[in-house]
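Starting off, we have a lone chain in the form predicted on its own, written out as structure tokens.
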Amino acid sequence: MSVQIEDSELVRDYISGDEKALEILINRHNQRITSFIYSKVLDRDITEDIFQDTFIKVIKTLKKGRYSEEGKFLPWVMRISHNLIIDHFRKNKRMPMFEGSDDFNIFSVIGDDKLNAEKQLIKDQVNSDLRILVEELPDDQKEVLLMRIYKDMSFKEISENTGVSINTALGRMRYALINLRKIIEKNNIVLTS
């Protein structure tokens, strides 16, 4: 029965110049780290690249003497690979959803209620400002716009309720929007939500 050498001892041996110690560490944790990376990127070639980059970082950090041994070699290596995965997705401009990960981030779940309250106040103010602007429209355009936007009616329903053709209702809506833009530009109004 062989006694397994602790990771911390292998790290010390590698720092002291024993290259074989690093090989043992890589072989020991290869499967777990590779599986973790693959579960996030779902591509064998990218997994291999990130795995190699992970150990390049491990080697550089160990050689510079920046690794502090706390018996946490594997979690440290996993954190490096996780950061490289994030870098990979940032470079490719797409972030995946990390589900069921050990690296759970509470900030991705909780929100700031003050910020939500502020957004609601801004939205309410924009809606209020918009209603004032709508009042400046001619009655026939205002009627169509209110039915379409605020009552969520189809143009067929608007046509039936106002007694005009669908094309006339569409035209009134178009002119209502054009006139709203003109009013907004003329008065230098900024509507943001």
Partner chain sequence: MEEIYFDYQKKFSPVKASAETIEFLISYSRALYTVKHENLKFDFLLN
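It should be emphasised that the depicted structure is a prediction, and the values quoted were computed from it without experimental measurement. Numbering follows the first chain given and starts at 1.
Absent from the display: the form predicted together with the partner chain. The rest refers to it.
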Checklist entry - Are Glu23, Ser35 and Lys64 jointly within 4.5 Å of the partner chain in the predicted complex, each by at least one heavy atom? => result yes
Checklist outcome for this item: Only hit among Ile149, Val126, Ile59, Ile132 for heavy atom within 4.5 Å of the partner chain in the predicted complex is Ile59
Checklist entry - Since exactly one of Ser165, Asn27, Asn161, Ser154 fits, which has a heavy atom within 4.5 Å of the partner chain in the predicted complex? => result Asn27
Checklist entry - Is there a heavy atom of Glu48 lying 4.5 Å or less from a heavy atom of the partner chain in the predicted complex? => result yes
Checklist entry - Can you tell me which residues in 141-179 come within 4.5 angstroms of the partner chain in the predicted complex, by heavy atoms? => result none
